[in-house]
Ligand SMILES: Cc1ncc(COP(=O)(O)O)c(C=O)c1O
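Before any questions on how it binds or moves, here is one chain, the form predicted on its own, in structure tokens.
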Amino acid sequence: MWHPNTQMKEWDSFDEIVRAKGMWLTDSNGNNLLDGVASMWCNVWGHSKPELVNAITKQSKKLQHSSMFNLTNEPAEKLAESLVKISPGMHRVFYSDNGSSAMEIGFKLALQYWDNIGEKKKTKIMTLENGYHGDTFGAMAVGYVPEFFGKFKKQLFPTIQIPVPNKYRIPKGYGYSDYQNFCVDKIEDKFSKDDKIAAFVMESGAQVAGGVIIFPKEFQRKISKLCKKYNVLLVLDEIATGFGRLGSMIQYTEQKSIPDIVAYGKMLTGGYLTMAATLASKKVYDSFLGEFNDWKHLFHGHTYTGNPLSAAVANENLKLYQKNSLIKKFKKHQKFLKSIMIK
């Protein structure tokens, strides 16, 4: 087997995980390993959570999989309703299998939106330097991290990259506040001079894989306001930052920056099955409506889109968030941790 992000020459063998419970993974030799990265930032409740396991088991006895191509299923419908309900400004949900795919869909929605409404010149994507949106080609182009993707640079489509205010990497001659203003001013300058920009894409609240860079207060909100001012779609990536990872269920509400398109993943199913979702506003969704021969509909789909097993466990996961008041607990822990840091 070929392992991800791994120099295989350095490894003779790998620990085989045979079971897991709570925070602990157990290997074939009986050793317990702390799952300190929450199985790549997706596990919410620990392993073998009875409610989530039961949700999968119960659904597996009724419907394991059914295509979403001109068909539907109850768990996926129910989940879409719940996601729209908790996501201000969003109207429709398009399912996929993973975060990279969810972001690819977001790019396609943004670009085709302008084509659908007759603004065919809007074809450029602007984004922040050092962002990360996945490992597929579109995601690499928009979230370009040189160390990860440098070998594919010649094959990637061009994007407009804007500096990000990293508190620990401020250019000489700037204070932190000054550099924030510089970054925002640069975005507005580009918007004002280039009417071909279709979308601004960024992680919501923080850059994660690119170095855990927490955005300054008001930074994302200012970008959102500029997008509205210059008629540019805002596409947010909450795959690693939403569902409580930064302390809020929906991070863009905390940032006061309602997007046109947003992607969720990772924690959506509590880390138990693979699933992601791309949500769009009514304005974006309505642009895809028309007669069949108008060719406005979205030509995108996955075999396991809206998989009922994944949707069922995601629905149960959302119930657990409410039942356990998880976000309120996060807020309480935040205050406690801040008080320790201040001392």
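Position 1 is the first residue in the sequence shown; the rest follow in order. Bear in mind the structure is a predicted one, so any value in this text is a computation, not a measurement.
One more form of this protein should be noted, the form predicted in complex with the ligand, which is absent from this view; the next part is about it.
I'd like to check something about Y285: if you look in the model of the complex, is any of its heavy atoms closer than or equal to 4.5 Å to a heavy atom of the ligand? Looking in the model of the complex, residue contacts with the ligand do not include Y285, since no heavy atom lies within 4.5 Å.
Taking heavy atoms and a 4.5 Å cut-off, does N98 contact the ligand in the model of the complex? N98 belongs to the contact set for the ligand.
Taking heavy atoms and a 4.5 Å cut-off, does A240 contact the ligand in the model of the complex? Result yes; A240 sits at the interface with the ligand in the model of the complex.
Taking heavy atoms only, is G134 within 4.5 angstroms of the ligand in the model of the complex? Yes, G134 is a contact residue.
Based on heavy atom distances of at most 4.5 Å to the ligand in the model of the complex, which listed stretch, 219 to 227, 150 to 158, 253 to 261, 232 to 240, is the contact stretch? It is 232 to 240 that comes within 4.5 Å of the partner.
Across 287 to 320, which residues bring a heavy atom to within 4.5 Å of the ligand in the model of the complex? Going through 287 to 320 in order - heavy atoms within 4.5 Å of the ligand in the model of the complex - there are no hits.
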